[in-house]
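For reference, the chain that follows is the form predicted on its own, supplied as C-alpha cells.
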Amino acid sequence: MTNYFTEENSAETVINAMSDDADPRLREVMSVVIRKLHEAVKEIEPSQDEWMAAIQFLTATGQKCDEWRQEYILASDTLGVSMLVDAINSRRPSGATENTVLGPFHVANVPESPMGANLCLDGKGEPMFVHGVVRDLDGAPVEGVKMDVWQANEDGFYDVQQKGIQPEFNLRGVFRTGADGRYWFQAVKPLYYPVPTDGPVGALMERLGRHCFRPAHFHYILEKDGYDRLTTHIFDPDDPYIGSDAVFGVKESLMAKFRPIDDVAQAAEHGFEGRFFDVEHDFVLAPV
C-alpha cells in the first residue's frame, strides 16, 4: 500500500521509503534522524525564507571546509555534539581519568623525545615544568605508556596555524613512561584562544551572543596495550574562560593548578633561570 506524504505522517512516509535490504544500522540511524528532524520542523514551523537560510548555512559550512579547516567539526564542537559523542564512547570505571575532545590540531608522527625534553623550540613564553604519574585503577604505576602531548603557544596559536613563524613540531612531544610510571617535560604557559570565527559557525555564535574562547590547556593522548586509549586535556582552573569553554570540553577532574615558583634553587633544578610554573597532574588508565 502506498503512503502518500502528509504533514501528519511525514516521518513515517520517508522512513518507509527505505529498502528492507538497506544496512540495518544505517536504517536504524537514519530512522531516528528523520524522525527527530521532522519533529523539530513541526515544532519550529519555519517559514520558507527561514528554511532557505538554514540550507544556505549548511552550504556555506561545507564551502569553508578544506584540508586544514573542518567547519562541520567546529559546528559539532560548539553545539556540544562532539562532547556528547565522546562521553557516550568513553564511559569508564570510577577513578579512571576522563576523556575530552581531541581538537583539530593534533599532528601524527611527531618524533619521540627523551623524557624531560623541552617542548618549546623557539624559546618564547613563560617556562613550565609539567609532571605526574600514570597509574592503573589499583594505583600501580604503568610502564611504557606512550604519551603524546601538544599545546598552543603564549599567543594562543598551534604550530600548524603559524607555519613559517613557529618551528615544526613546536610545543609537541611524544614520551614513554618508565617503570615508575612518571612523566615530566618542560613547556610554556599556554593562553586561552578563540575557535575560528571567520566562517558561518563563528557568525552563528556571534548572533547567539556566545563568546568563542577555549580556556588554556594541554592536550594528551595516552596509549598502551591492554588499556583504554585516553584522549584528554589538563586545564588552568584560574583561566577567565574555565567556566564557559566554547566547545564544552572542561571537566572538573581535569583541572591542574598552574603554580608560580620563584625559588631560584628549584628553577635551576629544572633548567630554568628564573620564575617558572609548576603543573602536577596524575593520570589513571582503565583496562580495555
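Everything numeric here is computed off the predicted structure, so don't read it as measured data. Numbers follow the displayed sequence, beginning with 1.
Here the subject shifts to the form predicted together with benzoic acid, a form of this protein not shown in this document.
In plain terms, the part of the chain that comes close to benzoic acid in the predicted complex, with a heavy atom within 4.5 Å, is 189-197 out of 83-91, 189-197, 108-116, 167-175. Taken together, the three residues Gly95, Leu254 and His281 all stay farther than 4.5 Å from benzoic acid in the predicted complex, as judged by their closest heavy atom.
Looking at Tyr158, you'd find a heavy atom of it within 4.5 angstroms of benzoic acid in the predicted complex. Proximity of Lys224 to benzoic acid in the predicted complex falls outside the 4.5 Å heavy atom cutoff. Mapping the unseen interface onto this chain, Val250 falls outside it, with no heavy atom inside 4.5 Å of benzoic acid in the predicted complex. Not displayed here, benzoic acid is kept clear of Gly125 by more than 4.5 Å at the level of heavy atoms in the predicted complex. Contact annotation for 199-235: residues with any non-hydrogen atom within 4.5 angstroms of benzoic acid in the predicted complex are Arg214, His217, His219, His233, listed in sequence order.
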